[in-house]
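The chain below stands alone, shown as structure tokens; this is the form predicted on its own.
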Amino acid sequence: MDPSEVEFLAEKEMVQIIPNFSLDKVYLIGGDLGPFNPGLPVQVPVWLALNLKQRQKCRIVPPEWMDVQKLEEIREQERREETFTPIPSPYYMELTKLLLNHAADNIPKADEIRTLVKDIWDTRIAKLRLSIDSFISHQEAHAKLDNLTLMEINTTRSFLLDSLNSMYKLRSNTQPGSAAEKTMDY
């Protein structure tokens, strides 16, 4: 899975909008949306919110967690804890990028939010790299990493797989005996 596929999944997350048009309930395969009435909040997927915003048909209400004070608390907690802390959205990075790129005028303190989310991301990726380094250096067979997002896993997946494959090849070359003898031992 590449980052664009993860972003596609993030676009299915629901966000609140304030429409400036009227429309009855819309029936889609993924579920019913609406009704849309001017000034009344309604929940829609991010892909629709961005489309309506680009056509100047709505104002996007930022998610509850997209607040400077809450993000500062998350950042400080992430820095204090050795393990990965729970994140308010499994797509926090993708949603921040999408909403700030297309609807920054609807999000108060957008620049501060962008910086805080980047700090959280950097802290979590640094933790993940340290975990991978420890995993590889201790020659572990398995690991449990709770509270990671799909994008964070996706970021380090190729590096980790290549490292593990290289370690496997090195181990199998340094073991005494041939591969045929090893299979007979089991």
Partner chain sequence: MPCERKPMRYGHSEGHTDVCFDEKGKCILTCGSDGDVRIWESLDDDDPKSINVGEKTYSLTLKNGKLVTAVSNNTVQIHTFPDGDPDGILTRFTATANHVTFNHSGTRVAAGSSDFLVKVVEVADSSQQKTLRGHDAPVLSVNFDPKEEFLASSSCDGSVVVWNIDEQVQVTSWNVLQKSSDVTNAKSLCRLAWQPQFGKLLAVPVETSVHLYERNTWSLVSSLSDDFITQAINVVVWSPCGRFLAAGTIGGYLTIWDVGTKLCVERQKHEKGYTVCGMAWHPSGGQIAYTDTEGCLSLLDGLATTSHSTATPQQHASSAKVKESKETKDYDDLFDEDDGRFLDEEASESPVKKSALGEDEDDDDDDLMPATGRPRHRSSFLDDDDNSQDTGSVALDRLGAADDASSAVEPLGPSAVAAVTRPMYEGPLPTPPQRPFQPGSTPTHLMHRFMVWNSVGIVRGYNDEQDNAIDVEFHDTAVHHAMHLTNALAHTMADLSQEAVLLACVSTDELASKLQCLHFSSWDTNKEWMLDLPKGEDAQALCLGQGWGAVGTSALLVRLFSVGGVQREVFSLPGPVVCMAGHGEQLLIAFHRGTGFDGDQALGVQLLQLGGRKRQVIQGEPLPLSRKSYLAWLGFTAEGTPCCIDSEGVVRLLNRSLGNTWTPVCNTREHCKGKSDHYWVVGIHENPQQLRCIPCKGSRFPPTLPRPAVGILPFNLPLCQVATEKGQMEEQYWRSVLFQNHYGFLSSSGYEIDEEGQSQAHKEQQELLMKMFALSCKLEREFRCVELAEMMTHSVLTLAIRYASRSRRMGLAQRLGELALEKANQEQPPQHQEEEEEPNYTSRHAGQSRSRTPQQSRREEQEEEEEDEEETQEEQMDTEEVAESRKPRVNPFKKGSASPERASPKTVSTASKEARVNPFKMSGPAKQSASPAGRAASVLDTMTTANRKPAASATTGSKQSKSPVLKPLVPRPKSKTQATLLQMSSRTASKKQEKPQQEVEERGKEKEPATERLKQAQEATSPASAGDNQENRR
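Numbering follows the first chain given and starts at 1. Since this is a predicted model, take the numbers as computed values, not measurements.
We do not show the form predicted together with its partner chain, though everything after this point is about it.
Visitor: Please run the contact check for K53 against its partner chain in the predicted complex: heavy atoms, 4.5 angstroms, yes or no?
Guide: Outside the cut-off, so no.
Visitor: Since only the chain is shown here, I'm wondering whether S22 would be in contact with its partner chain in the predicted complex (any heavy atom pair within 4.5 Å).
Guide: S22 belongs to the contact set for its partner chain.
Visitor: Quick check on N37: any heavy atom within 4.5 Å of its partner chain in the predicted complex?
Guide: Looking in the predicted complex, residue contacts with its partner chain include N37, since a heavy atom lies within 4.5 Å.
Visitor: Would you classify P41 as touching its partner chain in the predicted complex, given a 4.5 Å non-hydrogen atom cut-off?
Guide: Flag for P41 set to yes.
Visitor: Who in 54-80 is close to its partner chain in the predicted complex, meaning a heavy atom within 4.5 Å?
Guide: Only a single residue, R59, comes within 4.5 Å of the partner.
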